[in-house]
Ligand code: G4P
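In the block that follows, a single chain appears as structure tokens, in the form predicted alone.
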């Protein structure tokens, strides 16, 4: 499967970010904790050069607990501030505010020496589509100040948001890079829903995800669907999932497409358990 998806508005958004970055003190980058590296946009490091950086490992509640720890340590060793996050839960937002202050401590100290007091930190929130940016902003602000959705591309324009007297946020549209040099990155992005499902082969996605899970998380499929993971190839296991979930057409024909969609939805919703699809190298 060849993964390419780069709507025209994303090119415009990237150009706008190049201008807006001059206005901000901190880049807050959301990644999906299930694929922390694959859900990063390589352009962000170039755009955010010489700015304070905070990476939020969003959807950490869906990801492997031990892998969350490893990824947090990985980013911290690279010089980023990093926080595990469930953007729907307001409980962790005070921690993030404290980390923002810590990340911008040098800037705050420079302002103090210049006699500038209490100027809000200006932060840009970035991330690829469907990684949870709008949900994070709304939860952080404690109100619905951006439009949210469960499909890529809902946020299409920039907007400044006054969170409190300490922080102003600049929201930006989610952007992907124009092409994937490593097609496995595209596969992982498709698994978590950061690409338009209508442009993808759902059956092939399901088969590859089954192949990965039987190797990396043995027993998960057996527990959820009652299938024998040692009994055959991914197509055989998908057939077993279809039977378990009654994905059968008239005439007792297996509906593989329905089973594939159901299986991928189960993974995305966390019904298969806490799973991470890549490990720090």
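Numbering follows the first chain given and starts at 1. Computed from a predicted structure; not experimentally measured.
In what follows, reference is made to the form predicted together with guanosine-5',3'-tetraphosphate (G4P), a form of this protein that is not presented.
Colleague: Flag residue 134 as yes or no: does it have a non-hydrogen atom within 4.5 angstroms of any non-hydrogen atom of guanosine-5',3'-tetraphosphate (G4P) in the model of the complex?
Modeller: Residue 134: contacts guanosine-5',3'-tetraphosphate (G4P) in the model of the complex.
Colleague: Does guanosine-5',3'-tetraphosphate (G4P) come within 4.5 Å of any heavy atom of residue 62 in the model of the complex?
Modeller: Residue 62: yes, in contact with guanosine-5',3'-tetraphosphate (G4P) in the model of the complex.
Colleague: Taking any heavy atom pair closer than or equal to 4.5 Å as contact, tell me whether residue 129 reaches guanosine-5',3'-tetraphosphate (G4P) in the model of the complex.
Modeller: Yes.
Colleague: Would residue 87 count as a contact of guanosine-5',3'-tetraphosphate (G4P) in the model of the complex, using a 4.5 angstroms cut-off between non-hydrogen atoms?
Modeller: Judged by the heavy-atom cut-off of 4.5 Å, residue 87 is in contact with guanosine-5',3'-tetraphosphate (G4P) in the model of the complex.
Colleague: So which of 79 to 87, 183 to 191, 114 to 122, 99 to 107 is the stretch with heavy atoms within 4.5 Å of guanosine-5',3'-tetraphosphate (G4P) in the model of the complex?
Modeller: That would be 79 to 87.
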